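Coming up is one lone chain in structure tokens, specifically the form predicted alone.
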């Protein structure tokens, strides 16, 4: 049904149609029309609508007609009139039986009657154009549809409810006010320079706004983690019990466990959800003295995976004299295995002792992992305002522009240079909400939507 540029450039005088429920057989399906001819097109394919007026918001039972005018289904038609609709246009929704054949024929009949197949995200884009939602809320619609966990859905729902706008709009307004004050100084003559803002005052205001953006980015980091998921790597010597922990955490025997060293030679990944946080758990080859090229390559991959992980579980055997080297860090957690056996010595500082064989310590390990990764079940999410990479990148661009403006103000640079940086900061924040920005940005965002949203 097309995509890309048509979504952005077509005028909204065209009525669009799409299947708004998942493809495949189902008890019911929904076909949605949006545009000025929605009611007229619906009337052409809906038998009862020809003889009775459509009443806004009142479902009507009738006979659905195919392209040749023959009855094809009993359906329910509901008409919603502009501007009080999700797209700001007339919207007609047809609830019909979920046979793929009936759905395809209904779409074809709508197109024959004057509608155009909708492009991905076009209904949501029209809602954006009509001012029903901002761009951050439009992206939240997509995220809500694609949510794989309850917590991801909650984040998207908070964004759809306007939390991003509520956090970003005051910051953008504060920068704009500072910009207005700086630009007002440009109008003063040399004899009235005292009326212009002092450089220290401009710098102070810019720095405070930059600090607010930094604080918001930090508060939103756990939400970004939930939205994108976390990567946890098990790292340690061969036969230290990594694979046993891996199997216990995911809940089944995914990895072969034997007394023979070097069973795992490549990266093995599985997904799980821990306290609402999606996690990719990685079992890696044992590290130590390689016994051959295959083991050496496995070690290289293990260390590379650990470098990019959000959390590394440094696994070692409590019943052996070896201990992990170096202090535990924010992204590293020591895990001692074989807690059911006599220990070879006191555990290293910060160790979580477990026994995958008996289950001892596994509940505590899950709790510590959740706490380390700021899982929402372990620590409530403070903010979701900058939970997406696009929003964070734009906010940090605004922060950098404010820092640059503050530096120039303290250096005594002219108001013209300060105004350039402040305009860049305002533009970056307003781009989050879709108030400014190139059409290419909208094309890129809405191309990722499913058809029917």
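Positions refer to the first chain, counted from 1. These figures come from a predicted structure and were not determined experimentally.
What comes next is about the form predicted in complex with a further copy of the same chain, which is not displayed.
- Stretch-level contact check against a further copy of the same chain in the predicted complex with heavy atoms at 4.5 Å: of 212-220, 70-78, 199-207, 359-367, the positive one is 70-78.
- a further copy of the same chain in the predicted complex is approached by residue 105, whose closest heavy atom lies within 4.5 angstroms of it.
- In the predicted complex, none of the heavy atoms of residue 47 sits within 4.5 Å of a heavy atom of a further copy of the same chain.
- Contact annotation for residue 146: at least one heavy atom lies within 4.5 Å of a further copy of the same chain in the predicted complex.
- At a distance threshold of 4.5 angstroms between non-hydrogen atoms, residue 32 is in contact with a further copy of the same chain in the predicted complex.
- Note on contacts: among 160, 230, 353, 113, the single residue with a heavy atom within 4.5 Å of a further copy of the same chain in the predicted complex is 160.
- When you look in the predicted complex, the only residue of 300, 97, 331, 323 with a non-hydrogen atom within 4.5 Å of a further copy of the same chain is 97.
- In the predicted complex, a further copy of the same chain lies beyond 4.5 angstroms of every heavy atom of every residue of 162-177.
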